[in-house]
Structure formats: structure tokens, C-alpha cells
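Before any questions on how it binds or moves, here is one chain, the form predicted on its own, in C-alpha cells.
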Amino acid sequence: MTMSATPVAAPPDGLLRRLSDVLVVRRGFYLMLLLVPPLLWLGVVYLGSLFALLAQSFFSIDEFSGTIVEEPTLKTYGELLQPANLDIIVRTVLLSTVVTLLAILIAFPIAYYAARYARGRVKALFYVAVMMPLWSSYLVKVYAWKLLLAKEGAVGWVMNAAGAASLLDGWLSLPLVGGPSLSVSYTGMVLVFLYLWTPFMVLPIQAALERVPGSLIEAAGDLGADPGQTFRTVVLPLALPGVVAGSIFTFSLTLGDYIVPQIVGPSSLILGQVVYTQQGNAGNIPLAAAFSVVPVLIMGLFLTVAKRMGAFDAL
């Protein structure tokens, strides 16, 4: 039995056919069409807005008329060096550092358990549990925490029921970390930041720990290393890229956030609030832009130090 080939009709010679022929012949043109949208987004929308922000920071505001003087000057950056503004910058950096370090301490054991021991459904439940806080509204979570941390909230009720109310009162009486209640203290603000950003720390560390060969840990034990030495010399160095990746997320998100400090925490301002206040209420856009450049410079310094420490080598 013989089979005859069915002739295939040629596609119609229309506009799409001619365009297809051009794309096949001129591959460079085809590649350019693919790259134009992302390059436009990166070059015009992202970098364009960043350079516009940078340009605004070199302008100043006329103190009498309140209008923006569009002449290049370093006067606005000089205002950043005033003690009150330096205090805001230092306070924000310290707050971000504390949140990042606590997030590492909380996230590492969770990530280690998920990477080394969790299997099957337990691992699936781990991912759901870590990702679940990200599925709800940011504002709803912050306001929910404000209610939990209020003087008559759930945290205070639990401490009273456990007979630990004096312990909470003693903590709130401490300078810097305390306040009238958890909802208007730095302790409360740090708790909310930890709840919001810890998932961004757990997942990178867990991904890094997944790549640590179990044979290396077993070999360290066979060679006489105790669990502490194995952790310091094998696990931690190999997990460092994940810790750095999580720290970048946690540190930068805390550094630029202004919603949490508006709702939870003391009345002392941090960077995000100052940018919002200067841009919105005061109308001092050059100073707001100069404050906005500060987190960019801090993150640039942070990434430079991390790179020199070799934290990105295994990424």
C-alpha cells in the first residue's frame, strides 16, 4: 500500500507573511523587537524616574516664596547634615539593622528544618505557612497588628492571663525600646516589620541550604567536628549567599517603609516618613529627593561590602 503526500497550500502572500519573512532573514531586527519593551521599561520608566529624582535633589527651595529654585546646588544636601536630619538617618539604619539581624535569627532555624528534614506534605505545608502572610493586604496586616499590640489588645491580655504583665510593663518602661504600649513603641514596630519581612528571609536561606550537600555535613562529623564546628565551618559559609540575599530584601524594605511607622511605633520619624512629609505636607520636593537618595547610597554601600566579603560568589 502506497501513501501519497498531500500537497500543503502555501500561506497567503499578505502583510503577516512579508513581516514573517523579514524577521526570519534579519535576526538582528527580530532581537531588537524583543528587547525594546524591557529596555524601554528599564531605561525610561525605572532609570528615568531615578535620574529625575537625583536631579530634583540638586535643586533648592526658596525660603520666602516656597518655590523650587531650579539651579544646581548642594545646599539641599547640606541640610541633610543638620543634627536633626542625621539623627533620622542613623535611627533608620539602626532600626533596619536590628530587624535584619532578628529576621536572620528567626528565619535560619526554620529554613534549616525545611531544607534538611521536611519532606512531602510537610514541606508543602512549610511553603504555604511561609507564603500565607504575603497573600493578604499589607494595610490590613499592619492595622491588625496595631490592634493586637494595643494596651487592651490580645498580647496584653495573654500576658495578664499568664501572670507576666509585670514583665511586659518592665520592658515597656525601658528607654528606647519601650513606650506607653507595644503599639507605640519601637518593640512593636520591630515585631510588625519581622512579621512582614521574615518570609523574604526564610526563602533565600532555605534555597541556599538546599544546595549544601549532605555528604559534606556527614564528612565533617566523621572527621571529628562537633555540631557547632560543622555549622560554623560548613553550613554557614555555604548558606551565606542566601543570608545576604534575604538581608538585602529585609534591610531595604525596612529602610524605605513609611506605612508601618505611620501606624505602629513612637512619634519619632524615620526616613520614609520624612520623605512623605517633605514631599506632601511641606512641599519641599528637593529635600524629599535628597532624603530618597540616602537609602540608594546606603544600599549601594551595603552591596559593595557584601560583594567584597564574597557573599555573591555562590549565587
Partner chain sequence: MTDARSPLALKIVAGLGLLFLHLPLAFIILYAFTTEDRSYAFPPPGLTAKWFAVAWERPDVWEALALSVKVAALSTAMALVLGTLAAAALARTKFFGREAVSLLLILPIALPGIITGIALRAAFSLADIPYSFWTIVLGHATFCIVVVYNNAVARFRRLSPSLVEASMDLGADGFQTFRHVILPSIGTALLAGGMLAFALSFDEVIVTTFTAGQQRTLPIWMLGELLRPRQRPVTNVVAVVVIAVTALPILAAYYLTREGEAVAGGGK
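Note that the rigid core is defined as the largest set of C-alphas that superpose within 1.5 Å between two forms. Numbering follows the first chain given and starts at 1. Keep in mind it's a predicted model, so treat the numbers as computed, not measured.
This next part talks about the form predicted together with the partner chain, which is not shown.
The closest heavy atom approach of L167 to the partner chain in the predicted bound form falls outside 4.5 Å. Contact annotation for G66: none of its heavy atoms lies within 4.5 Å of the partner chain in the predicted bound form. With a 4.5 Å cutoff on heavy atoms, R26 does not count as touching the partner chain in the predicted bound form; it lies far away.
Proximity of S137 to the partner chain in the predicted bound form: non-hydrogen atoms within 4.5 Å are present. Contact with the partner chain in the predicted bound form, judged as any non-hydrogen atom within 4.5 angstroms, is confined among 93-101, 80-88, 168-176, 149-157 to 149-157.
Contact annotation for 167-202: residues with any non-hydrogen atom within 4.5 angstroms of the partner chain in the predicted bound form are L191, L194, Y195, T198, P199, listed in sequence order.
If you fit the rigid core between the shown form and the other one, you'll see the Cα of S173 move by less than 2 angstroms.
When two forms of a protein are overlaid on their rigid core, residues whose CA moves 2 Å or more are considered shifted, and L35 is one of them between the shown form and the other one. For V22, the Cα coordinates differ by 2 angstroms or more between the shown form and the other one after the core has been superposed.
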